[in-house]
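Below are two forms of the same protein chain, given as structure tokens: structure 1, then structure 2.
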Structure 1
């Protein structure tokens, strides 16, 4: 009887978590097809008809297409650059002992405690001095560095789970350090790279604070700023604003769904050794 009661509580808790996770998403999804009157009078109800015109209007009101392209460019290049640099750095930190290693890891740990707002002014001055203000390359470099601590710890923890014998066999066969990393370590580290890649992509895709400070105009701004554009000028049309919100969040959800297996296995493996 007690075991059955615990089972009911367990499933009830899981259902509650699912509802809390999916509830806001489903509410925004349904609201994106409603009129203002329906949202204000019956916010939790089903729409009387699905107004796909809200999505068409969202693309007319704000330059979402331009922002969308910018976000894709920043997300892809910011993620690839982050994984390429920190993959090699994480491998060195996981495999080699050298003077100052603990101090270096401690510095990376402390960097997680620094709030983003504290870096706005120095980043603005540096980016402006380098001539990268209002350019996508500036955002890519900033996001690559901003995601450094998380990616480094995920990858270095995963590398610790790989047996050293595999690398030693490669060295005996005449492989160099670079060949061993790219031909042996990299292919079997897909879960770790998948986890770090998803985290970094979500950072690049959803980040707002740096994007609004380091860009101006529509040529270099990303999707989160499009929502700010809606809120500041067109907040009265909630249906269109919710439609724009769905356009922004769906890609990040799809990326996580496609790579969820790698994310779970990468975090689990890193937790064992890390």
Structure 2
């Protein structure tokens, strides 16, 4: 009896979770093909036909393509820069002993404890003072910094698993420090970089509050802000609003489905050891 009850409870829980996760997407996806009249009269039903005019309209009336390009630029550069810098730092911190190392590690892990929101005004000030306000490069630098604790953690944990003999034999063959890092360490650390890279990319792609504070014109705004824009400017054109929402969501879902194992192992990477 108890066993049966638990079974019902279990499946009920799973179904509820799946519905809660998938329901809103499917509903908005369906609605994105409807006309305004259909949305208001037939909110739960199937669209009368699958027309893409809402999507065409979304791209036409809002600078979504500009936002898209900006997001891609910020995502790629924010990720590559983060991986390069933190790969280098993580390697040195994982491999060598030197004075001040403890202090440095302490300072870096402190950054995990500072909520981004507390830094809103100070970072706005810094970015402004550097003349990077409303420029993509400003966002790239800030996001590269935000990914510091997570990337450092994932990458240096990965470097620790590489046997030291690899480098020693490289040195014996006459390779320099830089050659050893770029030719030996980087290639065998691909999984570590993949994991840190996906996490960092999603951070850049989804970030909202600093994007809204550090930019002002459409020239440098990113995709999450497109929705904010839609909410205020086209609030009565529901079909277009739904299409715009899907346009923002679909790339994240695609990236996730393609790199699913990488994301999952990335999230789990430190957990077991930590």
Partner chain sequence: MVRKNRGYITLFLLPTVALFILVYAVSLVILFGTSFTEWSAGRSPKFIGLTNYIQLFTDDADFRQSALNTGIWVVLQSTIHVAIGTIFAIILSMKEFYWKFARTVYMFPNIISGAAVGMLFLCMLNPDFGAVNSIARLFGNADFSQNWFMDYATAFFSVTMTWLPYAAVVTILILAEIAAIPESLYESARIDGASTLKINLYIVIPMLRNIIGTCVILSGTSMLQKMDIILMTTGGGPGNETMNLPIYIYKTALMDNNFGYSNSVGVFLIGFGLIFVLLCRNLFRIGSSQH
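Throughout, rigid core stands for the largest set of C-alpha atoms superposing within 1.5 Å between the two forms. Residue numbers count along the first chain shown, from 1. Computed from a predicted structure; not experimentally measured.
Asker: Working through the pair one at a time, identify the form predicted together with the partner chain and give its number.
Answerer: The chain shown as structure 2 is the form predicted together with the partner chain.
Asker: My question is whether residue 34 is one of the residues whose C-alpha shifts by 2 Å or more between structures 1 and 2, given a fit on the rigid core.
Answerer: Indeed, residue 34 is displaced by 2 Å or more.
Asker: Does residue 219 move appreciably between structures 1 and 2, meaning a CA displacement of 2 Å or more on the superposed rigid core?
Answerer: Where the cores coincide, residue 219 shows only a C-alpha shift between structures 1 and 2 that is less than 2 Å.
Asker: With a threshold of 2 Å on the C-alpha, tell me if residue 70 counts as moved between structures 1 and 2 once the core is superposed.
Answerer: Residue 70 C-alpha, core-superposed: shift of less than 2 Å.
Asker: Can you give me the Cα shift for residue 253 between structures 1 and 2? Core-superposed, in angstrom, one decimal please.
Answerer: Here the C-alpha difference is 2.9 Å.
Asker: To one decimal place, what C-alpha displacement in Å is found for residue 9 between structures 1 and 2 with the rigid core superposed?
Answerer: A shift of 10.4 Å at the C-alpha.
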